[in-house]
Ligand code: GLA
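One chain comes next, on its own, written out as structure tokens in the form predicted on its own.
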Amino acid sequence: MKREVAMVTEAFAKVFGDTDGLTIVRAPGRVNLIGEHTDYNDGYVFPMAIGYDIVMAARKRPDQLVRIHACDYERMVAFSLAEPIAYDSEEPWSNYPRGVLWALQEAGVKLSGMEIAFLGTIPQGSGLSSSAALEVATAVAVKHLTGFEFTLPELALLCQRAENYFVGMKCGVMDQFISLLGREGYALLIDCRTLAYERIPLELGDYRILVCHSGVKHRLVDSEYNRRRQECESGVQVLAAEFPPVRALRDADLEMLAACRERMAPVIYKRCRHVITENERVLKSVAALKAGDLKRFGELLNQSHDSLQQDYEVSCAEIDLLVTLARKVEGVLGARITGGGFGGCTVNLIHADAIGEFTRRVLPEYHKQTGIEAQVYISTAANGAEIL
């Protein structure tokens, strides 16, 4: 982290002239251990923050000019808060911090001009939520600079609003929430309807969380993500007609779904079945971890992938290959796709002694079959966003 802080400080000085009055913030990415595509269905998710971050340097200006420099791209944008904040199709990376500033203005926060430089260690397009980390870093930095009063859950909702209505990505609140509220050594069980949360100790003993980046970049805004959301809403309409208390798939069970099957298109039925069973798997996973039953937790990870592959259809050939290869390694208790889908990463529950075997067997075979170099990241559960 010292290296990243030094790099972003140096870049800030180079672009903006000096480092007087600087605030440095970090916001982590996340890996979702289980609970995929449940968040926008009012369900349960179980992510942990990871030790890969957005690191941001920011300071106030006396006028209304905002200047944002992306160190990784060596690109700069500038705009005035005196004008409505507009979407920038030429510099799409800038829409995440722009969106946060827009959402803050919408919420009545009086902003001043500012200068921002940031860099990231989260692999982009990996499904480890670099976009949410950038939003959260912006929100935390601006909160520190202007002193507005928001709780962390309120700040998570504001960042989600920026992504939903400014960027145009209809994500749930999980990514922003864990980036703000993560704690070292703990995963976070989040009820996405009430925003109630419970920190669950991630006591894995000799086991580790291994994230494997497929090298296939997902582009969620351009993908079928929003279509999946619409399919779930269609399913809820059918279920609610028969069972009025159903407001979201969170409220349905497999019995209800079976009763409505004849009135649903087969694809809608499959989408609903994934979400209903995935919610159950999240709660069973938390119970397994509390009981110290890592074998059961691994089984649930496997079931989650199979459901995402077959019922929700958000996997891809490369990810399926990584999962298949991982499951053949002795010491891997579970493997599944993580993140929105259509590429990105797998998350694997693996014995520490098997990590070498994983890299020796899985990565070369994956490269042989796909021509892509996969990357491996080992991470423990990290702290949420903080001022450094």
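The numbering used is simple: start at 1 and walk along the sequence shown. A quick note: this is a predicted structure, and the numbers were derived from the prediction, not measured.
Keep in mind that the form predicted together with the named molecule is not shown, yet the notes after this line are about it.
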Position in contact with the named molecule when the complex is considered in the predicted complex, options 172, 120, 215, 182, heavy atoms within 4.5 Å = 172
Could you check which residue among 35, 344, 334, 28 gets a heavy atom within 4.5 Å of the named molecule in the predicted complex?
-> 35
Only one of 62-70, 39-47, 347-355, 325-333 has residues with a heavy atom within 4.5 Å of the named molecule in the predicted complex, and that stretch is 39-47
Using a 4.5 Å heavy atom cut-off, state whether residue 225 contacts the named molecule in the predicted complex.
-> yes
Any residue of 327-353 with a heavy atom within 4.5 Å of the named molecule in the predicted complex counts; write them all down in order.
-> 339, 340
